[in-house]
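Below you'll find only one chain, the form predicted on its own, shown as structure tokens.
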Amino acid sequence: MSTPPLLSIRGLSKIYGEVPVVDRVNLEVTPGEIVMVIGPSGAGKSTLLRCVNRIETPSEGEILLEGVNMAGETRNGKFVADPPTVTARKRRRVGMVFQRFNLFAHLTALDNVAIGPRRVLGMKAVDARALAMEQLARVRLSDHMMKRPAQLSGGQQQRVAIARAMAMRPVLILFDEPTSALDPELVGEVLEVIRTLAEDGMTMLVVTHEMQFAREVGTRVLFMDSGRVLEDAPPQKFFSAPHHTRAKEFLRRIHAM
């Protein structure tokens, strides 16, 4: 029997005014897959992730996580939208790491990671801090847990953000260009952490411009342009013999750069 999808996206669109930023996307992701989402700026990649995490409300379509509709439920044949409290509860199962780190400047790295489990998951303070220590060790920041964000490099701050997402014990993590705000010399340390999560079996959608990383770590590559998924293929196939003309042009420009 085939493994049922962890994430199912069906006919998803996000329209601003009359412009479809995400245009009728269909996607299934099984547990343990690392789906690299690539394409030119303005292709709809980040908006796709923000719809999955309900930061943005889709205009059309549906998103199911482990078979549960992220927007509501059907009662007596009629769809009923979730109230905000239910939406917030469902969102806990999806971690998200942004371009910017969004850490609390007045809190230590340890408390930045512990605050979610304590306030959102209702863990005791001692248990939340123990979990935070575990996750900071996982991203190799045990020696920096008592530092505030201003005392950390950009790469270290992003690793704290990853630890914070992992501390919520999600079944899926979304990475929205997690290295784009970093100096080039700091990119590698963040990519290495993501690589380790992939090896540990975490299911991930990763929007990235790091093509070599996508080739080496991804199990699939989605190529998006103008809101649509134009290609969905294993990395070796996509990077060696893309099918769509737009994908070929994109890779040609990347190689030229």
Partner chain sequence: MGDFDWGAIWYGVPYMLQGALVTLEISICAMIVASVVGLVMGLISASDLRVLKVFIRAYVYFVRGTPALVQIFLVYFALPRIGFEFSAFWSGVVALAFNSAGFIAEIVRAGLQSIDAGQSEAALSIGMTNRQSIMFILLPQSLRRMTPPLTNEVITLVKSSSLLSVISITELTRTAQLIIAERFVPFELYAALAVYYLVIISVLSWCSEYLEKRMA
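Numbering follows the first chain given and starts at 1. Everything numeric in this text was worked out from a predicted model, so none of it was measured.
The next section is about a form of this same protein that is not shown, the form predicted in complex with the partner chain.
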property: Position in contact with the partner chain when the complex is considered in the model of the complex, options Val171, Ala181, Ile115, Ala137, heavy atoms within 4.5 Å; result: Ile115
property: Single option in Met145, Ala128, Leu186, Met96 placed near the partner chain in the model of the complex, where near means a heavy atom within 4.5 Å; result: Met96
property: Partner-facing stretch of 24-32, 208-216, 52-60, 194-202, counted where any non-hydrogen atom is within 4.5 angstroms of the partner chain in the model of the complex; result: 52-60
property: Partner contact for Leu103 in the model of the complex: the partner chain, 4.5 angstroms, heavy atom; result: yes
property: The partner chain contact at Thr74 in the model of the complex, heavy atom, 4.5 Å; result: no
property: 4.5 Å heavy atom contact, Arg164 to the partner chain in the model of the complex; result: yes
property: Partner contact for Arg119 in the model of the complex: the partner chain, 4.5 angstroms, heavy atom; result: yes
